[in-house]
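First comes one chain, alone, set out as structure tokens in the form predicted on its own.
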Amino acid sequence: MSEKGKKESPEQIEFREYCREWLSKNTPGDPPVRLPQMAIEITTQAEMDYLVPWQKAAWEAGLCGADYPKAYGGGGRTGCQLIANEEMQRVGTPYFPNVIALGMAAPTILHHGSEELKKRFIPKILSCEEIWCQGFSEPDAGSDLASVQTFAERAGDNWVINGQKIWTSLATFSSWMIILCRTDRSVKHKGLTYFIVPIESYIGKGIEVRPLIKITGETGFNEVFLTDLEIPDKYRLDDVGNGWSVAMTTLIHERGAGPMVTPSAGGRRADDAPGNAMDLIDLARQSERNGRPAAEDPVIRDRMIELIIRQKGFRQSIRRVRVKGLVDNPMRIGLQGKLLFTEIAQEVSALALEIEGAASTLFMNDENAPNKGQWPLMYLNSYGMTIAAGTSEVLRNILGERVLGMPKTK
């Protein structure tokens, strides 16, 4: 038995063996289309047609939603979702496409939704029957989320919503949206209320979705316009004016600091997609620098090793989340993890472009591009990663003020 196994409960040991056995027989074949590097960048129905059945199969087998209560479509287990994630990453499965729902909507509904909403929505999130998106950011309210101006006005037993959301990943495929609205203009944080919005059934009847072209040339983000959209009060999460507290639940889970572990993003992000600092070694061996393999350049070698050490150290640090009570503040590891993971990924991809040299200007559609142009794509995508779920600057402020107890910045 491995050292890892000795620290697991009998239930967890049995579940790990079950996951390995199931995955040995049930991983999907190669995708018929090129997949984007991350689930939030899915742009075509063909990509969804490949990924949705995979998530549903994993859910039916108990690998997606393992720790959610059985009453809400989960496996009813304890501390097993992380094990499922590890095993899926070990064999390199595709990511689950319902990433916004799994990482944000489901835990928020679990903590703040009525019993009716939990039973209605969480099972279809886990099974990938319904795709979700997030309506938080606005053109004038990004990092300062509490300044959102999309307004929800009470109309008897309903609410009428008017406003605009931006950077809304997966909106073109979504049935539902979690949305933060202003319900009182006289106060800031206490003037916010959190809702669930049915997007798909209101396209052209109060909701308009417009794709945005990113720096990569792909569309993953969208603008969403809401005009006199009327929804019933039962789609409100928690009390009127308590939206900021509900939004913090969403953000804590989005940043990986929540108690409910998100089902895995998988181990294979795209065809030949890089992401590990170890991948730099092969790239350096295949790339020339001053007429010799870049791997022979001592400066390049030192920088690669530094990033490999940092990435391995980061992964070992994240393992601490499994040890209950080891860290005094539950936000510490999750927020550190999001901050470090995204910044290391950006540095790894930046070094990859330097190793490739002039070849780094060749993008995905060029047959001569190293690794099918995945390194330049990753570098461009990395800036979205350091912005989403709170910019690196915002996370440093939170860690400093709320975890380390430092005074607020002025």
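Keep in mind that this is a model prediction, so the values were computed, not measured. Numbering starts at 1 and runs along the sequence shown.
This next part talks about the form predicted in complex with a small molecule, which is not shown.
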{"item": "Listed residue that, although the small molecule is not shown, lies within 4.5 Å of it in the predicted bound form (heavy atoms), from 135, 113, 97, 107", "value": "135"}
{"item": "Option touching the small molecule, based on a heavy atom within 4.5 Å in the predicted bound form, out of 147, 219, 317, 143", "value": "143"}
{"item": "Candidate stretches 166 to 174, 120 to 128, 303 to 311, 278 to 286, one within 4.5 Å of the small molecule in the predicted bound form by heavy atom", "value": "166 to 174"}
{"item": "Interface membership of residue 19, the small molecule in the predicted bound form, 4.5 Å heavy atom rule", "value": "no"}
{"item": "Residue 391: touches the small molecule in the predicted bound form, heavy atom cutoff 4.5 angstroms", "value": "yes"}
{"item": "In the predicted bound form, residue 387 touching the small molecule (heavy atom, 4.5 Å)", "value": "yes"}
{"item": "Residue 66, heavy atom within 4.5 angstroms of the small molecule in the predicted bound form", "value": "no"}
